[in-house]
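The chain below stands alone and is given as structure tokens, in the form predicted alone.
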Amino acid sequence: MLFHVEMTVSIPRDLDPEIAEELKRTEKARAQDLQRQGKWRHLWRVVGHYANVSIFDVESHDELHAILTALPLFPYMEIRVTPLCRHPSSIHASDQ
């Protein structure tokens, strides 16, 4: 199942900078691990914002929920999820 996911991060200004940096490091490692697994298929930065647009390829809604809520920065994120399906006019056979 494919999902378009928009994540906007708002780390509180009063959060200890060392804690914020550790969260960012662990978030990066987790994102890269999920990409290697093929679950976080695409990841793009939104210019001028602490935000990203991503495509996830997971088995279920529940799996996506578990992945997103386990992200280290999840408590500081606003997330919008849109389920996707293959478009009949797409010329790419790999679209799922």
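Position 1 is the first residue in the sequence shown; the rest follow in order. Since the model is a prediction, treat every value here as computed from it, not as a measurement.
Note that the form predicted together with a further copy of the same chain isn't included here; everything after this is about it.
Could you tell me if E18 has a non-hydrogen atom within 4.5 Å of a further copy of the same chain in the model of the complex?
No.
Give a yes or no for V47: in the model of the complex, does one of its heavy atoms lie within 4.5 Å of a heavy atom belonging to a further copy of the same chain?
Although a further copy of the same chain is absent here, V47 would touch it in the model of the complex, with heavy atoms inside 4.5 Å.
Contact of L71 with a further copy of the same chain in the model of the complex (heavy atom, 4.5 Å)
It does not: once a further copy of the same chain is placed as it appears in the model of the complex, L71 has no heavy atom within 4.5 Å of it.
Those residues of 5-30 which, in the model of the complex, come within 4.5 Å of a further copy of the same chain by heavy atom
If the 4.5 Å heavy-atom criterion is applied to a further copy of the same chain in the model of the complex, 5-30 yields P12, R13, D14, L15, K28.
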